[in-house]
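Below, in structure tokens: the form predicted on its own, a single chain.
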Amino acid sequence: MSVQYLGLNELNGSLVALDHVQGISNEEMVSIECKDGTTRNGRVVYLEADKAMVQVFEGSSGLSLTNTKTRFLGHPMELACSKEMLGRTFNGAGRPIDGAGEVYADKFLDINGSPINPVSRRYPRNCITTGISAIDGLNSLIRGQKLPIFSGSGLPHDKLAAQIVRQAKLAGDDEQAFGVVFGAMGVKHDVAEYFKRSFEETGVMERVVMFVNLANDPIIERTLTPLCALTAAEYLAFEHNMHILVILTDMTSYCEALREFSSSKGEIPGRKGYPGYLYSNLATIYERAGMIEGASGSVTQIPILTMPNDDITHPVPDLTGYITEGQIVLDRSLDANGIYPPIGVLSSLSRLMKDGIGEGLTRKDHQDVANQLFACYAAVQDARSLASVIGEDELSDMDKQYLKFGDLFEHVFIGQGFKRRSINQTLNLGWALLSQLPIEALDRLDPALIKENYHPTQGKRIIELEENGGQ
């Protein structure tokens, strides 16, 4: 039953306070009628005895303390869900903004989601291939995983996000069962337009659901965007048995909105002004990824966040790293050298990779090739450090070969540009690069594998083809 109250006790930014309220709940939706007859939406964010604080989505500017009518609707914020959401664009609060009208809902779902019993979770298996060698080959994304991308100001994380949406697909499964939910928070108009145009031009928009919160939209809406995106993803995954990849960018914008909102409520700040509950708040978002017993669908997450001043110990990447299963880190020095995507493979990690690759999943030699590429590239960094001290001319022959390998690895394997590589092309290129080193350098590989795949001349041809754009 809805209850209506006349008048407000206090106005503070996007928050309004009411006294002497009874029978309402936290997160309950509110309809606010202004003195001119227009209505605004809000939700209860704080309760104490008979006092309530309401977050107004459109802001409290112009509201009257005496003539405003507040009606509590008796339910939390809900998203209208239907399979018709695929191919549609919504604002951060889940309202259509593509001009195609309202969604005819099959269900209205609470955007806060339902807690998943940990016992009912299935362990993530199988790959989602992104077509990007540095991810698929060395830091594989597993279905049901949460694998964030750590970026920095000015780095091409927007281009990488769009490329992943265009290229991502299930490894060996029916493409009809795969979809993408894309949530953008605090982006500029031109960036939002870039995402939409990119998806439409490449023909993937029909399997994408977009939630877009612009930089000039209310920050309250920004705090709702990931919740709406994940609600849509859970509906498609567990009601329609789809495998959904959720990309959320930029989680730092979300956390800054949360900090501003927390400050307006007068809460005691934690590290760098962020609320003390930032960890648990991020966990409620990230832990909505996964697979559930009895459901064939899955939700996989790639949250993207920018690290202020490239500081990986900043609260947002620091807490994200505790909750998620690895990270993909973008490297500023690679970007400065014109390498795209500038993925720093040594600082990146996918903790679930070992369980989703190998024979019957990707390829039998996948883990071995990845281990050897990691080891050789780590040796490259050692050789470069030594060269900076004693000079390149004084290096041993092996170290000089590592330097050549490092340049090829960065410019050919990592720096693939915007083209898509299959997992076989990625692993074959890995073998081609390893074949340019002496056999004694391949100490992580079984001799039988080396005998089967070590071909220096053939490898050189593969590398030359890649350098020429695969032509």
Partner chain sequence: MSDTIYSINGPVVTVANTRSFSMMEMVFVGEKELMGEVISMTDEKTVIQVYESTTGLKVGEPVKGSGTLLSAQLGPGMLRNIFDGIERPLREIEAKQGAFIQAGEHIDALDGEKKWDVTVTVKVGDMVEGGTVFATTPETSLIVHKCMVPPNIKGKVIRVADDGAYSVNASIITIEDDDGQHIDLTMAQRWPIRAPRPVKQRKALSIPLITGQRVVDTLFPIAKGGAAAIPGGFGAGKTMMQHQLAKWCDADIIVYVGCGERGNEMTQVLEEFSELIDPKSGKPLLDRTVLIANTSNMPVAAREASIYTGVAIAEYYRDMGYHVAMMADSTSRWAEALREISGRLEEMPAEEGFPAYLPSRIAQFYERAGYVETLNGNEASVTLIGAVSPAGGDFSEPVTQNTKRFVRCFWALDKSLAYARHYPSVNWNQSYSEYKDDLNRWFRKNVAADFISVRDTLSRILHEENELNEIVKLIGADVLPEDQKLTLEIAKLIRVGFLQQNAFHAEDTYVPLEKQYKMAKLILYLQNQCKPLIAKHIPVSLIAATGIFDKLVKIKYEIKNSEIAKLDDYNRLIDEALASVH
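Positions refer to the first chain, counted from 1. For the two forms, the rigid core is made up of the largest set of C-alpha atoms that agree within 1.5 Å on superposition. Just so we're clear, the structure is a prediction, and the values are computed from it rather than from any experiment.
The form predicted in complex with its partner chain is left out here; the points below concern that form.
Chemist: Within 4.5 Å, heavy atoms only, which of N241, T202, S120, S263 is in contact with its partner chain in the predicted bound form?
Modeler: It is S120.
Chemist: Its partner chain isn't shown here, but in the predicted bound form which of V187, I339, L86, I292 has a heavy atom within 4.5 Å of it?
Modeler: After the contact test, the surviving option is I292.
Chemist: With its partner chain left out here, work out from 43-51, 58-66, 430-438, 406-414 which stretch has heavy atoms within 4.5 Å of it in the predicted bound form.
Modeler: Stretch with heavy atoms near the partner: 43-51.
Chemist: May I ask whether Y194, S333 and F418 all come within 4.5 angstroms of its partner chain in the predicted bound form, judged by heavy atoms?
Modeler: Negative, none of the three is within 4.5 Å.
Chemist: I'd like to know whether E359 contacts its partner chain in the predicted bound form, with contact meaning heavy atoms within 4.5 angstroms.
Modeler: No, E359 stays farther than 4.5 Å from its partner chain in the predicted bound form.
Chemist: Spell out, yes or no, whether the shortest heavy atom distance between F178 and its partner chain in the predicted bound form is within 4.5 Å.
Modeler: Flag for F178 set to no.
Chemist: So, R125 and its partner chain: in the predicted bound form, are they within 4.5 Å at any heavy atom pair?
Modeler: Yes, contact at 4.5 Å.
Chemist: Taking the shortest heavy atom distance, is R351 within 4.5 Å of its partner chain in the predicted bound form?
Modeler: Yes, R351 lies within 4.5 Å of its partner chain in the predicted bound form.
Chemist: Could you list which residues of 139-158 come within 4.5 Å of its partner chain in the predicted bound form, counting heavy atoms only?
Modeler: Stretch hits, in order: N139, G144, K146, F150.
Chemist: Aligning on the core only, does the CA of L11 end up 2 angstroms or more away between the shown form and the other one?
Modeler: Stays below the 2 Å threshold, so no.
Chemist: Is there a C-alpha shift of 2 Å or more at L442 between the shown form and the other one once the rigid core is superposed?
Modeler: Yes, the C-alpha position differs by at least 2 Å between the shown form and the other one.
Chemist: On a core-based superposition, does N139 travel 2 Å or more at its Cα between the shown form and the other one?
Modeler: Comparing the forms between the shown form and the other one, which are aligned on their rigid core, N139 does not shift its C-alpha by 2 Å or more.
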